[in-house]
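This document starts with one chain, in the form predicted on its own, laid out as structure tokens.
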């Protein structure tokens, strides 16, 4: 079968394990042969950098999913969550909610968080140094964002072990192919975490001064702009969104970054020799293995995409899959895109999106990545793989389930 035919036959709703393990050959095939790919269900799959940027910036490309999520989620908790969270709404709702949430991510608050992040990392590394062998994902990459988000929301210690599973189930329901069992588990996760948050919100309303814990939760409860506050539903669902957005992507960034350095020992040594490269290294990790691989939009009017001489009109009403993972390896934008270069400059990667929907926590995520990977590499000069890594097998998010290493 020719490459053109293989690209034409691709169906986002019938992806298999080979794609989940390594989607990049498929991205390359589509980008070269069918960059504005029409799926059998009438949706489109974009793989060129310029097209993905256009989908993020074009005013006719909508993020609102109130219609599109109904067949998948019905009226259940997953529908309530995803249609009330920041990422799946358009202005004016998106603008209002983002302004209120942004009070929790001011430069002052982020500056206060940096020493907290360093303290958590140092304690984790002290513990891991005594083990000799461990799993980077469960013992390290997941621990940092879980602690940070739990502190931000004031989640008590006894509930923190549940957060990773909540996030997995809620975000996993967004994949193109999801079993009824996983949908049901996702509904339950929204209900359980929502009930816990409602308790925390009620407690915090009674103690507005609070303490060191839950400052972000307090900012969301009591914050207002021109007298406008988050509604009770918006408050709960966007707290869940903060867990999902900050937990999944940061854990994937840290885990993917350490995995990339193990796969490319010359780059690991380069970082050891020059620790100042950590910032550009994190940008390269985000490009090469984007934590969010596939986003989505809906065309509200006819919009043309594709290269000059091969433009394709996507009709109004069509659902569009935006492949960030493919865009970040587009040779039209990045020289030697399949090569890891931790000093790559410039590096306009799209892992955090672009335009009005750029990830609000991108600065916090970068800080966590710089500290977590930088300190890890410095602490373990004998770092090496100690078994087979395994990806968690979701299409929209790219990250590892297991990454066993030895450090002594």
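Residue numbers count along the first chain shown, from 1. On a predicted model such as this, the values are computed, not experimentally measured, just so you know.
This next part talks about the form predicted in complex with ligand HEM, which is not shown.
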- Note on the structure: The stretch from 312-320, 130-138, 225-233, 242-250 that lies within 4.5 Å of ligand HEM in the predicted bound form, judged by heavy atoms, is 242-250
- Selected contact from 360, 383, 373, 342, since only one has a non-hydrogen atom within 4.5 angstroms of ligand HEM in the predicted bound form: 360
- Item | Candidate from 324, 153, 220, 78 lying within 4.5 Å of ligand HEM in the predicted bound form - any heavy atom | 324
- Query: With the partner left out of view, is residue 291 within 4.5 angstroms of ligand HEM in the predicted bound form by any non-hydrogen atom?
  - Reply: yes
- Query: Would residue 297 count as touching ligand HEM in the predicted bound form under a 4.5 Å heavy atom rule?
  - Reply: yes
- Heavy atom of residue 86 within 4.5 Å of ligand HEM in the predicted bound form: yes
- Can you check whether residue 352 is within 4.5 Å of ligand HEM in the predicted bound form, heavy atom basis? yes
- Message: Contact check in the predicted bound form: 20, 27 and 37 versus ligand HEM, with a cutoff of 4.5 Å between any heavy atoms. Do all three pass?
- Response: no
- Item | ligand HEM in the predicted bound form - contacting residues of 128-151, heavy atom within 4.5 Å | 149
